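First, one chain by itself in structure tokens, the form predicted on its own.
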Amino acid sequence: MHREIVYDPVFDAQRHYRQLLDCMSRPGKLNRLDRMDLHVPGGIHEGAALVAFALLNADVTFFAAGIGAAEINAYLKTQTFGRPAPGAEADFLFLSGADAMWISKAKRGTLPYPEEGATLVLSVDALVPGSLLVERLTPEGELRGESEQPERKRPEASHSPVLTLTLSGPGIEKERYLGVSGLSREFFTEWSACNQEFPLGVDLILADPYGWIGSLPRSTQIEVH
């Protein structure tokens, strides 16, 4: 497997890392990573791969599950020099929404070292900013019509409902809203359970097919609608 030649491991990684930090410090805020036409294997979005490029190195471990897991592991190892590991031991887990319940096995850190809790990087169907939710969300949780911003349009093959998340906690002045398509209510119930013993827990990074990313640190409180 060849290394990506369109990606600059210094300048692109620094730029994407800053965008990711902005999302992590402001839970629910979305930033868009520039499309780079990477040769990403099936089962992971390009945005999630770019997150991997920014975060992985030879000192950390990662895990992938589901469709194309072997190809994803080989791809990320080649591009980042990160080390594949079992899901229960990995620092980063790269999963699709269909495999997100792997969170129940992810490590949550220890009281002396809470920073050793895992980070899940989830490839989801769509991310919708709070500013679009009120006027575009039906009572059934579906988006009305097509977005005025084509880059936010969901894949035609996707029929998963949009869950509306009400977020609060550090980095949020009062409340912030985020729409997520491609994850279940059960997943967020499990995620909340993983974070009950804060500062232990699991952090989330979400990426959709159009390069939009967002973050939900373990300190974030959520209500799912």
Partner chain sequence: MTPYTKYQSRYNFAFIDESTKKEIRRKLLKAIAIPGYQVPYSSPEMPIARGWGTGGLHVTLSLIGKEDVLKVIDQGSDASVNACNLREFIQSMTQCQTTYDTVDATLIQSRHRITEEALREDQIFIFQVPQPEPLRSVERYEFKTRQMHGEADYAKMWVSLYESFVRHGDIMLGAGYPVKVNGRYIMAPSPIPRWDIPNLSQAKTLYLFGAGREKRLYAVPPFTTVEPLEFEDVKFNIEQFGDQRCYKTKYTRAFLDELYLDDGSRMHVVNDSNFLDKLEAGAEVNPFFNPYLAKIDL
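Since we're looking at a predicted model, the values are computed, not measured. Positions refer to the first chain, counted from 1.
Absent from the display: the form predicted together with the partner chain. The rest refers to it.
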Segment assignment from 171 to 179, 62 to 70, 40 to 48, 185 to 193: heavy atom within 4.5 Å of the partner chain in the predicted bound form: 171 to 179
is_contact(Y210, the partner chain) in the predicted bound form, heavy atom dist at most 4.5 Å: no
Contact label in the predicted bound form: F92 to the partner chain, heavy atom within 4.5 Å: yes
Partner contact for G87 in the predicted bound form: the partner chain, 4.5 angstroms, heavy atom: no
Distance check, T119 to the partner chain in the predicted bound form, heavy atom within 4.5 Å: yes
Stretch 31 to 63 - residues with a heavy atom within 4.5 Å of the partner chain in the predicted bound form: F53, A54, L55, L56, N57, D59, V60
